[in-house]
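Given next, in structure tokens, is a single chain: the form predicted on its own.
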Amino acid sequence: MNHNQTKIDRRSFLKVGATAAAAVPLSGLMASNNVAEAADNPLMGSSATNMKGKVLDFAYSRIAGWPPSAAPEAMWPAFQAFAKKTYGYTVNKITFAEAGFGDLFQKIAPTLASKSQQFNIMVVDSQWLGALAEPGWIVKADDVFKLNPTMDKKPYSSLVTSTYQVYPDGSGKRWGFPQMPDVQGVYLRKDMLDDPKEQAAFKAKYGKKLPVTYAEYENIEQSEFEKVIEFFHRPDKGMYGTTMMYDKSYDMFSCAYYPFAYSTGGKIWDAKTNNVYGILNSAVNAKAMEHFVGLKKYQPANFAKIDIGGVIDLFTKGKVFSAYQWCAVGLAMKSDMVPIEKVMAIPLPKFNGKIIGAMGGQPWVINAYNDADHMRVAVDFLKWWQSKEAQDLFILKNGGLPWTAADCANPAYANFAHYVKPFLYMLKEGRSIDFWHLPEYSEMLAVQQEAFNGFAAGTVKSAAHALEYAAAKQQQILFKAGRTKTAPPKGTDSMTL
């Protein structure tokens, strides 16, 4: 998010939200000890009779330009039919509001702060859980699970729960319902790898066989993978070795850089103390950033402005051999020029046998200010969303990805597309990690994106300085918010990039 253009004062909205929560939204009353087990509790969803004959509208918020977030609209007719047949009510065509990753929170926050049910259910980024939960704006998922035990599915790994559901971190308190799990991988031009002439040329240059199969890439070292990138880097012919995200918008640079730091022993904060300074600004992280930015030699000259869409564009137009990219956009990583049979997806390369990627993806959350009927429909929808009918539509027709242990073991899903295998690999325990879910995430993210991208763009003198600046400013943000007892270093106010 570009915080040079202030749109909403987050702190003022949290204060308004806290005041609104004092009025106790409908979900708070329904989840209280006195009525939690009531037979007609709206958090149970609809019964065979309590919604029969009713007609109502329904709306959701979604991330613009993000296919998994748009899929529910395409799937809505199937839910309409399900609701009519199962519960006897009519829900009209779903409406929505959308904005990019950096702006959607700014669109939904004012409505929630005013206790509106403008958006009955919302697709949100995982980092927003704290900002939505603390003011009481969303329904606690645990309250829904308590009344609907069959909805409480076993996840493929704990990464699903820690990323898309729990706030505060480590508390076990769940607020989100997984919508689209996501991890990072690398997309390769399989047709180039399979070319016998390329294989012979690689062997002549490096004295070793060119890796060509998924099995050969699943455990490849970053250092070895860079030889492949170097080999296919042919800028004079309009072909670059790779493309990655360095753009300063939202979390583009951060998420692409994190694996280089995580996998070489770096950390970005202490989730128990909420301290950043002395952790983010480490020599390990500086070295990792230098390595990450150093790969610009295999990329187009405008590398520092490449975002998710830029990576898709370069790859699908046949301008790069490889692309570090989210698995969630696997369906988009093809074109007439680069058809799907010419593409192979692999997990992130390792660093001395270790890989820890950054988590992406989004949860569903339910508006706490829904009236009883809209609350029932929200729960009905989430029950349906977990069904085989819905997941078949989501995964097999709309490029979605599974998250439950059962669905991830389903061969129809696991073998559906080439990008599912690396997705499952990176979603296993310990292979990816999410970052802060605190309400201050937006301020913290803006600080480091500006600093990190500045190093890539050449306006910040060193990786060490970018990290020092970001760590000090983030420590200050968390200290002022009362999240940590450790003050930022002296001189933080006067620090500049």
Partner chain sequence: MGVKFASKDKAIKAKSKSGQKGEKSFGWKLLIPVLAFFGFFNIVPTLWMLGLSFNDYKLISSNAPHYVGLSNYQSFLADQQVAHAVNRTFVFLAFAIIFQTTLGILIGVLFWRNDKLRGRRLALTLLFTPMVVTPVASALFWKLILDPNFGVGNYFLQIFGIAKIDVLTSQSLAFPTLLVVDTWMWTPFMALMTLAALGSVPKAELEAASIDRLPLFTVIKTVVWPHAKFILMLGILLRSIDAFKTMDLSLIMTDGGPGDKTELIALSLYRYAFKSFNLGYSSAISVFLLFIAISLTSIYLYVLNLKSRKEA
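Residue numbers count along the first chain shown, from 1. What you see is a predicted model; the values in this text were computed from it and never measured.
Missing here is the form predicted together with its partner chain; even so, the following discussion is about that form.
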Its partner chain contact in the model of the complex: Tyr419, any heavy atom under 4.5 Å: no
Met75 within 4.5 Å of its partner chain in the model of the complex, heavy atoms: no
Close approach of Asn50 to its partner chain in the model of the complex, 4.5 Å, heavy atom: no
Partner proximity in the model of the complex: Phe58 to its partner chain, non-hydrogen atom cutoff 4.5 Å: no
In the model of the complex, the one of Leu193, Leu295, Ala71, Ala109 near its partner chain [non-hydrogen atom within 4.5 angstroms]: Ala109
Listed range touching its partner chain, judged in the model of the complex by heavy atoms within 4.5 Å, from 445-453, 62-70, 424-432, 40-48: 445-453
Joint contact, Arg189, Leu396 and Leu401 to its partner chain in the model of the complex, by non-hydrogen atom at 4.5 Å: no
Neighbours of its partner chain in the model of the complex among 468-493 [non-hydrogen atom within 4.5 angstroms]: Tyr469, Lys473, Lys480, Asp493
